[in-house]
Every structure is written in structure tokens, then in C-alpha cells.
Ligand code: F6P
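Shown next as C-alpha cells: one chain only, the form predicted alone.
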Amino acid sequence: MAKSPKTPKTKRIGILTAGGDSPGLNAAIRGVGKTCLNYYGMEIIGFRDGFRGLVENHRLPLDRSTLAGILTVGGTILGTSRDKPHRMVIDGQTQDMTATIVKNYDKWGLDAIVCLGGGGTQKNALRLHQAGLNVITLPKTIDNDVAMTDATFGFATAMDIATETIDRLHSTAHSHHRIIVAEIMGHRAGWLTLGSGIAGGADVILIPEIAYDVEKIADAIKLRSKHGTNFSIVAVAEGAMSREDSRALLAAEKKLERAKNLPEKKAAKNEIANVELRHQGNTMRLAHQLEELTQLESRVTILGYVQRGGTPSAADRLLATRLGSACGDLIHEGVFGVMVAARGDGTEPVPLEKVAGKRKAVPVDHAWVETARRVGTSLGD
């Protein structure tokens, strides 16, 4: 009797969301899930609370009913955390849980694990890939600073929110003849502040990539007053620094690079920590300085987590769905160890080695920077 043909094993895919929450995470989960389930006949398992879910076996089967209705929902149905596989706190102690993750990956018969996250997630995913797992990542962050991709999902929504806030601040600033300083998220990259500042018509935009001189900011505001406009909107990124702080930080970082022994490294790290400590409360300090220099009343608005919450924009839903669908295609093709990058209207798999540990900062000659200068926006330099 002839043997019946062997039925191919159904692929089982794990998926998790790590790092900070971001608009579009659920849309991306849906994009991956529906493509894998409906188009390729795979099985999907969600792991809760980032990489910790892989360690502690906290799972959520993702079927058609689970994926229904989540496209427009903010946050992530899987939950998230900033846990790192190689430095995870378990029972009060920091441990390397990579081996446990590998064991659980095999235990649940996974053929691949999809990690949705920002820069830190790309590094953690690379470590798991190097440990022998089939890994694919999707770029998520409102900061838009993940390397090697045109855009990250979450950014467009956050920029819309920040822009609307700046729009609303104009009326108050104009009515009360004030300077309003709006602090926008972005520790190391100024994409969000720059984009929303231009779109919202901010008079001053301060980003981490361009160190500012508070005297020059005050001069720009006083010039507006001289021309009859006695209010100003200052959009400032969390990580924007004065020239003095920027020079001090750069010098300390260079010391750390040159350090040859432990005492030298410790001293350089202490200098970096001191600069960062001094930078805390920088937005409030900047507002006070501008008030003194311009004699205009200043107020501060800190947007905070409102930028990360709520319904994702149409642009982010589209991007997240496109990247998620392309991820399903790559799994089917057996392409792993890559991030699914946005390239124009398409996508491109980029090796994680080219992404991990890198950051996409705003080039000082970027078109957006030049546009801001052309329309008379002060960048503080």
C-alpha cells in the first residue's frame, strides 16, 4: 500500500510588544496575525508584557476573534515592559534569562518570534537571534529614531497630538502676551519636536541635535515683540541642551571612550551623570531664563504621556498594517534575523546587526531643519 503524503507541520509564531507603549501596536499585531492566520494558515501565540512573557510563560492565543476590533485601539492588548532578556529582575535578583527563553521557545514549538519595539528591543532581539532563535522585529516608537527605516509606527500619531497641542497654545499665548514653552518627548532625537513644531507654527524649536544659546532664543523673541508680536511658542524636546551642557556632556563621553582603567571610567561616568542630573528640570529653567531676558511672562506645558496614548492615526494604522503583513510574508519565506523596515510605499528586511545599537538622529542639514529656518523659526543656534 502506498504511503500517504506527510502533512507539513503548521508553523507556530510567537509575538510580543516591548518597551514603551505606542500608537499602532495593536494594528501591527493584527497585521502580523491576520496575514499569518488567514493567508498562510499559521498559528499565533501572543506573549504578555514583553520578554518577561517568554520567561514566565504568560501567553495569549491570538485567533480571529482576539484580533477583531483592535485596529483602532491604542496601547497593546499584549501589554509591555522594558525587561531585557539578559538582565531581568527575578525574585529581586538581576539574572540572564536568555537560556530560559530559548528553552521555552522550544517547549512551545515556536518557529519564529516577532518582537515589536524600538531601539532597545532591536538589541534584545539580536541577542535572541544570536542565541539561535528565529527572530523578526518591527520598528515602533513615537521618537522615530530607529535606524535603517524611513519611519516607525507611533510617530505620526504622536506628531498629530503634539501639533494639535501647539495649535491650542497659540490662542492662550496670544491672549495673555506670553511665552509658552511646550516640552515634547524626545530624549536623544528631535524628530517629534521638529515635525510638530513646524506643523504647529512654533516660533522657536529646540532639539537634541542642535545645542541652543538661550541669549539667541531671547533675541528672536524680542525681535518678534519689536515687530508687534508680543507672544511666542517655544517647542522644546526633552533632550534639548544648552551649549554649555552639550559641551560638558560631549567632553565627559570622550573621557569615557579614552578611559583605560576602572577609576577613569568611573570618574567619566560620574561626570556624565552630573550633566544629566543638572539637565533635569531644564524646561522650567529655560522658561525662567526667557522670562528674565525678555520681560515677557512665561508658562510651561509638558505634554508627557498624552503623546503616546489614544487612537492611532490613519497613517500609523496603515504603516503598522503594511509592516505586519510584510512580516508574515518573511516568516513564510524563512527570512529571519531582520527588522521589517519601511521603504517608501514598500518594505525591506534589514539585518538586525545593522539596526541594533544605532540611532537615527536628525541630521543638522535635514530638509525639515532647512524648512524651519526658511520660514523664520529660531533653532536656538
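Note that the structure is a prediction, hence the values are computed from the model and not measured. Each residue number is its position in the shown sequence, starting from 1.
There is another form of this protein, the form predicted in complex with this ligand, and it is not shown here; the text below is about that form.
Trainee: Even though this ligand is not shown here, does it sit in the predicted bound form so that 204, 288 and 379 each have a heavy atom within 4.5 Å?
Mentor: Not a single residue of the candidate spot has a heavy atom within 4.5 Å of this ligand in the predicted bound form.
Trainee: Hey, of 127-135, 163-171, 185-193, 250-258, which bit sits against this ligand in the predicted bound form at 4.5 Å between non-hydrogen atoms?
Mentor: Of the options given, it is 185-193.
Trainee: Wondering, does residue 176 line up within 4.5 Å of this ligand in the predicted bound form on heavy atoms?
Mentor: Residue 176: no, not in contact with this ligand in the predicted bound form.
Trainee: Although the partner isn't part of this model, could you tell me whether residue 279 comes within 4.5 Å of this ligand in the predicted bound form, counting any heavy atom of the residue?
Mentor: Looking in the predicted bound form, residue contacts with this ligand do not include residue 279, since no heavy atom lies within 4.5 Å.
Trainee: Do residue 308 and this ligand share at least one heavy atom pair within 4.5 Å in the predicted bound form?
Mentor: Residue 308: contacts this ligand in the predicted bound form.
Trainee: Any of the heavy atoms of residue 123 lying within 4.5 Å of this ligand in the predicted bound form?
Mentor: It does not: once this ligand is placed as it appears in the predicted bound form, residue 123 has no heavy atom within 4.5 Å of it.
Trainee: Among 82, 103, 299, 266, which has any heavy atom within 4.5 Å of this ligand in the predicted bound form?
Mentor: Only one listed residue qualifies here, and that residue is 82.
Trainee: If you check 221, 142, 114, 236 against this ligand in the predicted bound form, which one has a heavy atom within 4.5 Å?
Mentor: Selected option: 142.
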